[in-house]
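A single chain comes next, written as structure tokens; it is the form predicted alone.
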């Protein structure tokens, strides 16, 4: 077993707990947080692919000595193949997303030290604990274990909103917790139905039982389980009817933490979406249901964004709408579409982080995100304004940036699968996204500066500018060389299908 695999979860948890204990010791918190934030994206690069069995409890078939001592009704049955312990699976997909998550976490933590007045140990704890929880979601091959860390990630998101000290943050956090008291238990109930039907919560075991006719996959138990888990997925990802609260979460967080929260959402969307695809892909209506909700998400995302006057809320709705492109890739279900959808997930994490941090400079300078009160800020720092503009191009799918490559692949996969309507909608939504972004950019940077607009901080922190520059460079490199990402996605998709 590769002992580095569990460290991807253990290290940020341990760091978060220690930072909480070091509360008010600013220098120690800064040093430890930055050091661990640097380590986070390095660990997945050093780790080898493989499985990690907690407690060393591998399936019986891997232990011939023990298997020979057991009765034949065990050694010759599926019990010998089933996983008795929590299993972490680390493959090319996990490597890619954990690395990207580590990059975004680093920038969020790095910029937070200069954009907030006080260094907060509990705040750092929430950011590291959320990162650990989402990493565990990616690694786990146990759906109940995924649920536990999903709840931890949700609580961390609520905590980050509570300590952000923005207007209306308490109300938004309370609403999210109330909705979580519905979505989370329903997800757990769906997992319980699968456990009752199969006798295991290991995802590989459940798939094996279905493929080898050990259970009836069309039974009411499985159908109810699908419905409940799918509903939990909608809540976790912020798809309709939860799109409004998810965008509110982003708008009530500080810009750097909003970038991290959005990466949590996208990775949760991918992790649970792949689980649903693996377990329930035999259902004839599963892909169509995902496609319908994905298209609704895209349309509602841009529609709600157009009518907003708060640029943080606009970016939040656009971020939610971009999830629809990922869902289309999963819903079509071909090798090309799944690769495109997962590629889009990587690009969304990067481009949205760039926009949250980039437009966050406006909030840092003026302490407002109301576009009616803003204008003329391109004179304040034209270089940052241009980089934010290019980040908007990346989100909208303008070449040569990364968003263009993944959205082009989604359009191609839609046409190849016989869904030209979806391809047309995807292109139209991308155009509307571009127009909406340009409206925001004009209102914030280009229109005349209001007489009563006060610039609270005269300069943007160097750490923030550094984060924007690096994220923009990454978006450009991936746009020019998409194989750097797709080569890590394709092997996973090939095994999945």
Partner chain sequence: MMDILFDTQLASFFTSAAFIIIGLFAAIFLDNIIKKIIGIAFIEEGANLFLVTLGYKPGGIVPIFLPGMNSEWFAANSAYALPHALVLTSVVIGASTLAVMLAIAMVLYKKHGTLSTSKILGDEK
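Keep in mind the model is a prediction, meaning the values are calculated, not measured. Positions refer to the first chain, counted from 1.
Keep in mind that the form predicted in complex with the partner chain is not shown, yet the notes after this line are about it.
Contact annotation: the partner chain lies within 4.5 Å of heavy atoms from the stretch 176-184 in the model of the complex, the single such stretch among 338-346, 128-136, 176-184, 403-411. This chain is drawn without the partner chain; in the model of the complex, the residue among 193, 208, 277, 363 with a heavy atom within 4.5 Å of it is 193. Distance criterion of 4.5 Å from any heavy atom to the partner chain in the model of the complex singles out 158 from the list 158, 390, 378, 215.
The shortest heavy atom separation between residue 367 and the partner chain in the model of the complex exceeds 4.5 Å.
Looking at residue 122, you'd find every heavy atom of it more than 4.5 angstroms from the partner chain in the model of the complex. Under a 4.5 angstroms non-hydrogen atom cutoff, the partner chain in the model of the complex lacks residue 386 among its neighbouring residues.
In the model of the complex, at least one heavy atom of residue 252 sits within 4.5 Å of the partner chain. Relative to the partner chain in the model of the complex, residues 151, 189 and 199 are all within 4.5 Å by at least one heavy atom. Taking the partner chain as it sits in the model of the complex, the stretch 352-385 never comes within 4.5 angstroms of it through any non-hydrogen atom.
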